[in-house]
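One chain comes next, on its own, written out as structure tokens in the form predicted alone.
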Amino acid sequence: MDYAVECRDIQMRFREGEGWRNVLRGVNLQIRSGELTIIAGPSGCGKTTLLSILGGALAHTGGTLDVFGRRLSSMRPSQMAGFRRRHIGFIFQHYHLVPALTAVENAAMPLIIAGTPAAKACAAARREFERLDIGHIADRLPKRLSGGQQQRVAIARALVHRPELILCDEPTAALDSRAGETVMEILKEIAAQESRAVIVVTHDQRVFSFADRLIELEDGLVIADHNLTRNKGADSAGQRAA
């Protein structure tokens, strides 16, 4: 089977004082397209570090990482930047919207940075807004948006260039329960209907039920990998038999 992401013995250490701190100590995992995968674990377990490595924003210090069959460690910085622009979308906890730009201008930025004319980029962003049911806020500034609306703008920005891998860092942490569920429903639909690989790093147990797979990380190691789709299927079969 071809995987969207394959990690083999991924290690990461940082200089700390006169020594080193091992944040990731040999992570092995494979991520499939068409699934929403949640990586969970306590604060400081290495979740965000792993997400940064998967997105090519941070170079690992050991092991191998392939994303869509490309060995990231073999790429030059310019190649990595181009690869990220074409294949990877990021959704952050704190939105990172530019206050002086309208919602649609914020969402269009990945295309504009890649050289797409502004009018064409904004038109593509508006199409994403309609799909996310936020077309009516396209011309508002971020300060006039609720937290849930800002997060949907951030999702549109991550999707506008049609990436195959979507990486989400605590996307529901700043949202109430209903807004968080809406965001997760959108992400799950994107994974299932468009066969994209969606990875969500979180410690928010409220959203675990949306996952196809739940990977538990602790002290820089994968300690459990749950196939929730198979478990749900078994539960449904049991209910039918009963």
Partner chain sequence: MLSIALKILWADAGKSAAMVLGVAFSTLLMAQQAAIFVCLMANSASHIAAAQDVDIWVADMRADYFDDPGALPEALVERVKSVPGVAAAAPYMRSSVVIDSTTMVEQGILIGLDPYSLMGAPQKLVAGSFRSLRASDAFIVDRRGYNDIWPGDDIELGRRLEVDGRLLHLVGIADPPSPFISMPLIYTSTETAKLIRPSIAPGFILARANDPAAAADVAAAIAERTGYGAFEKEAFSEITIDYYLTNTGIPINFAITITLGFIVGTAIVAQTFYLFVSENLRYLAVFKAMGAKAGQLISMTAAQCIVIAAIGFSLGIAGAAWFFETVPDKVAAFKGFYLPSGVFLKTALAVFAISLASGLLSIQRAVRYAPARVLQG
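The structure displayed is predicted, hence computed values, not measured ones. Superpose the two forms; the largest set of C-alphas matching within 1.5 Å is the rigid core. Numbering follows the first chain given and starts at 1.
This next part talks about the form predicted in complex with its partner chain, which is not shown.
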Next item on the list: Give a yes or no on whether each residue among 9, 20 and 62 has a heavy atom within 4.5 Å of its partner chain in the predicted bound form.
Entry: no
Next item on the list: Could you confirm whether residue 96 comes within 4.5 Å of its partner chain in the predicted bound form, counting heavy atoms only?
Entry: yes
Margin query: Whether residue 123 contacts its partner chain in the predicted bound form should be assessed with a 4.5 Å heavy atom distance threshold; does it?
Written below: no
Note to self: Taking any heavy atom pair closer than or equal to 4.5 Å as contact, tell me whether residue 109 reaches its partner chain in the predicted bound form.
What the structure shows: yes
Margin query: Contact with its partner chain in the predicted bound form for residue 57, defined as at least one heavy atom pair within 4.5 Å: yes or no?
Written below: yes
Check: What residues in 46 to 68 sit within 4.5 Å of its partner chain in the predicted bound form, counting heavy atoms only?
Finding: 48, 49, 51, 52, 57, 58
Margin query: At a 2 Å cut-off on C-alpha positions, does residue 143 qualify as shifted between this form and the one not shown after fitting the rigid core?
Written below: no
Check: Core-aligned, is the CA shift for residue 77 between this form and the one not shown 2 angstroms or more?
Finding: yes
